[in-house]
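Quick heads-up: it's one chain on its own, the form predicted alone, in structure tokens.
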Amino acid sequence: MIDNLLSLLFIVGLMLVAVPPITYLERKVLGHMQQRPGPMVVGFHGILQPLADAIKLIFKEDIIPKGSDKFLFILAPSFGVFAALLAASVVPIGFIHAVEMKSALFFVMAMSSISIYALILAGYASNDKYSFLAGMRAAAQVLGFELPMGFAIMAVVILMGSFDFTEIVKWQQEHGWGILYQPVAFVIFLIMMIAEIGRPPFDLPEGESELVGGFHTEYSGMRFASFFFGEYINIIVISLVVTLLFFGGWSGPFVDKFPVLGVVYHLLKAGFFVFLTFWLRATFPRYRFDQMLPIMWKTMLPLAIVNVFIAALEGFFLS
């Protein structure tokens, strides 16, 4: 019990502490990819910029618009962070298991889906037409990407026979990384998860050129920052989950002798996918709303359904 509690505190603390450095790294990576230096003023090469941003956001005036639904307006930002931390609590990092669940993968997907309601509630509660339109966009995205992502997950579950991350990693230790058997599921899952957390090029609920700022137009101070805390925690969780499903999780050389290496391997693999989200943001322009839904319904969904049958055949021949 104490071990589980300490593991839970470690994972939740890691998620919260990791967000400021990740925001700094994203800005530096984007800067160098676009031939500019990124943050350079506060501290050596701008390394204290996240601290300066935190101080600024803490002391900014907290404004609640007149005519808004105050309860939902206050609830929405914390809702996203809470759902993201719940998802993180069941994701093992190497030998560190905070909450062991046989259906951990299902739980993570459920919490990731629930986190989108933070955007919908913020858009509805703000009493602002741009925020409301952004909330409706978020709702439409949920309808678009949940089905392809669900079928991609089912392909992995059918092949490996479990929703338990530990069992999924054990299967890959015996048969090889999941991406070797399910490359299509990997591509679909990765694209749909990026869409789910609203990262570019699928950041339609916060399109500045059409919606001013989108769902967070009326937010300021720490409520504004809470949305991005939830987003970056989700990026970390998704990166950890992708490595568990398709890249062997914490498995690697000498893990049996030195379990701490499993934590290192897992974080390094996940770190690549965190970097990938930065790379995508720097590379692709935002999709138009009328472009996004056909991609999900007409391309990803049929491909994901066909892939489920392929996974069933692979499972039959491997059993």
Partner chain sequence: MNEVFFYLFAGLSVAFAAVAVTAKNIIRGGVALLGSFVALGAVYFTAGAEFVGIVQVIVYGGAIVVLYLFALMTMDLKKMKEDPFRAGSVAIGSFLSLAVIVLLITGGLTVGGEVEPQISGATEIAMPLFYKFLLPFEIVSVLLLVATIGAVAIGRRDS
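Numbering follows the first chain given and starts at 1. Quick caveat: nothing in here was measured; it's all calculated off a predicted structure.
Keep in mind that the form predicted together with the partner chain is not shown, yet the notes after this line are about it.
Exactly one of the stretches 172 to 180, 235 to 243, 102 to 110, 190 to 198 approaches the partner chain in the model of the complex with heavy atoms within 4.5 Å, and it is 102 to 110. Looking at residue 203, you'd find every heavy atom of it more than 4.5 angstroms from the partner chain in the model of the complex. Within 4.5 Å of some heavy atom of the partner chain in the model of the complex lies at least one heavy atom of residue 116. Residue contact check for residue 140: one or more of its heavy atoms lie within 4.5 Å of the partner chain in the model of the complex. Proximity of residue 167 to the partner chain in the model of the complex falls outside the 4.5 Å heavy atom cutoff. Taking 124, 186, 247, 219 one by one, only a single residue has any non-hydrogen atom within 4.5 Å of the partner chain in the model of the complex, and it is 124. Along 147 to 175, a single residue, 163, places a heavy atom within 4.5 Å of the partner chain in the model of the complex.
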